[in-house]
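Quick setup: one chain, the form predicted on its own, written in structure tokens, and binding and motion questions come after.
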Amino acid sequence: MYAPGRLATSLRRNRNGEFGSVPAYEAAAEISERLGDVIGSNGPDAIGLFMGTQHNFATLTGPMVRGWFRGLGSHKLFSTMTIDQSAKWIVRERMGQYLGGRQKFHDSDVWILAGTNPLVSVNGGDGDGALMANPSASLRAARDRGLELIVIDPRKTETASRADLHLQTRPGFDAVIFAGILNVILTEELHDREFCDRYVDGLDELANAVSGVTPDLVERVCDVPSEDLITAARMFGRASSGMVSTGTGVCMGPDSNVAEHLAACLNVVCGRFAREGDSVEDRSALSRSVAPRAEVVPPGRSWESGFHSRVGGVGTLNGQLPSGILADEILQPGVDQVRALLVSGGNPASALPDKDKTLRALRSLDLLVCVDTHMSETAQLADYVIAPTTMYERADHTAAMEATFTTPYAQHTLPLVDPPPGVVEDWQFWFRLATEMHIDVKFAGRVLDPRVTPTSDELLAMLAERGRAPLSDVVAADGGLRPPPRTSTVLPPSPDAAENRLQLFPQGVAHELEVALSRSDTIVDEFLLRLVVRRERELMNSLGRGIPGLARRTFNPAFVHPADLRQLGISEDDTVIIRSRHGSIRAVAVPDETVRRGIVSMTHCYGSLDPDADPHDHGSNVAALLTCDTNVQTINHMPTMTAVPVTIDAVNDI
């Protein structure tokens, strides 16, 4: 709220390129007129929407933005999900989804965490909440009661240091690791035959496909001792409960779609789900309870039907186009070329790969609108910057976050402080924009009257009206409310779903696995190192860098093993040049014994728009080393953003 640079009013760029204050609703009217011109000339698909992570942290923002966008009629929806973890969506769309419910961290015997570090990121467990609420204490309690933890990561992370077994693999070979674990489990018949017989197709095909991925092969490819791989497979397969959870370290890698699929296969073949007749905890409070069923939702493969982009014929995934094609959607001429982009709670100028191409695209737009509390890199390029309230300046409740809680809980808060007079709530801008554009917004199952502006309390009540905890009780509860414990019995499958099966070896997986297994990692030219992603505890993507006293540094170091730095003749705090086949950045070298030899470990979303800025001041934008043009995944056009071949040189050697 009080950080330097926090926006106290919305801004409009004038003809001289300078920003001046503008009331948010006046900006909405002007933006509406300019969007109308774009639609009149090019149609609604010439307007794009980019939703960032912060878009999700005000309960009313998401439903209102999506309501406006649905009414707009455009197909050009993008988000940060398709640039870091869209492989999870592809698994669901290719494999199907079991509705009985996942096993939970708090009462499991074993857990595998791959490419995720919840003690820093405060995220893990794929929605079961255990490693999002005080993850250190949750992990300690689980270990004290006997949970065995396996961590797969090229770095000895804070989480890996707590593990019973750490597979410190070479980066970029997660698919090989998972295939090897599957091979041991299936060969030794440690899988759940009953669950597989009832709910699974393709088990034999999967077993045949991974049969050649022996522990010895995994050791050669991944540099993981074969005995450790076997130990991990037996720990997981012999346990009665526990799952695999993956993070961006897997989903940003070079074989991310098949790696994520094989990780999900481990959960399926070991039957780590609630069965018909089991009792499961109902964690709903303000949200609607949904009875668990022992049935499978069949694969949807949504990208094969409906709208396809003129850029590579890419289809939509969960209603979105991949963010990896956003720059091309803007730059490539065509009948539905994106000419206007609205950004809600995101920073694509910093987050998207291929920094130069992304900036060129954003600068070429006829209209760029950004909703943000600070002048992010994207906001600095915008024509309008809409200044919203922060979390303590608005009423809100916890309905949108319930899936991340370990136990049923609900809280409602009133504004704790008065906002600056020039800001509005995010949803108010989007509602006003819809009104100006004569768009009917469907919100919480009803169409809002554009002539009557609702209050935040009215909208919050709409979202909570089907919850099991009355909102009035939650509002009255000091410090929130814990609904009485309630369990649900997993119901039998509905008659029309009784024959549905999870698909372990659907179309596309065989080819992806073949590519992953055949991909050599021979050193080409001078690119001897591998760039890998990491998180910082104090920041969330690009949010928080400019808040004094929050982050420990003003920059994102290039963390390298001390022995590698000595071999390269580089000292701590030296400015270095990191180069990939695509681009280069200046960065600050810092030794780190937790990383493997041969690795450069950096956090994304740093840097500035000034290419000559000192990396000690603003850090380095890793996106300049990445590209969306080569080495991308099929279906989701996901670029390789970790395990990227790079080299590092001292500045005085250039």
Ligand SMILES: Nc1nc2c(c(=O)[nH]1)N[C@H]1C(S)=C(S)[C@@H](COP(=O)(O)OP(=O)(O)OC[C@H]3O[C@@H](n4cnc5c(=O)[nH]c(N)nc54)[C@H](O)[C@@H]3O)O[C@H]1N2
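Residue numbers run from 1 along the displayed sequence. Every value quoted in this text rests on a predicted model; they were computed, and no experiment measured them.
Only in words, not in the display: the form predicted together with this ligand, which the text now covers.
Although the partner is absent from the chain shown here, none of 66, 320 and 631 has a heavy atom within 4.5 Å of this ligand in the predicted complex. Just one of 536, 192, 436, 402 comes within 4.5 Å of this ligand in the predicted complex, counting any heavy atom, and that one is 536. The listed set 96, 237, 292, 345 contains one residue whose heavy atoms approach this ligand in the predicted complex to within 4.5 Å, identified as 345. Among heavy atoms of residue 52, some come within 4.5 Å of this ligand in the predicted complex. Not displayed here, this ligand is approached by residue 85 to within 4.5 Å at the level of heavy atoms in the predicted complex.
Proximity of residue 162 to this ligand in the predicted complex falls outside the 4.5 Å heavy atom cutoff.
Under a 4.5 angstroms non-hydrogen atom cutoff, this ligand in the predicted complex lacks residue 135 among its neighbouring residues. Checking 66-74, 583-591, 53-61, 609-617 against this ligand in the predicted complex, the stretch whose residues place heavy atoms within 4.5 Å of it is 53-61. In the predicted complex, 371, 372, 373, 374 are the residues of 355-374 with at least one heavy atom within 4.5 Å of this ligand, listed from first to last.
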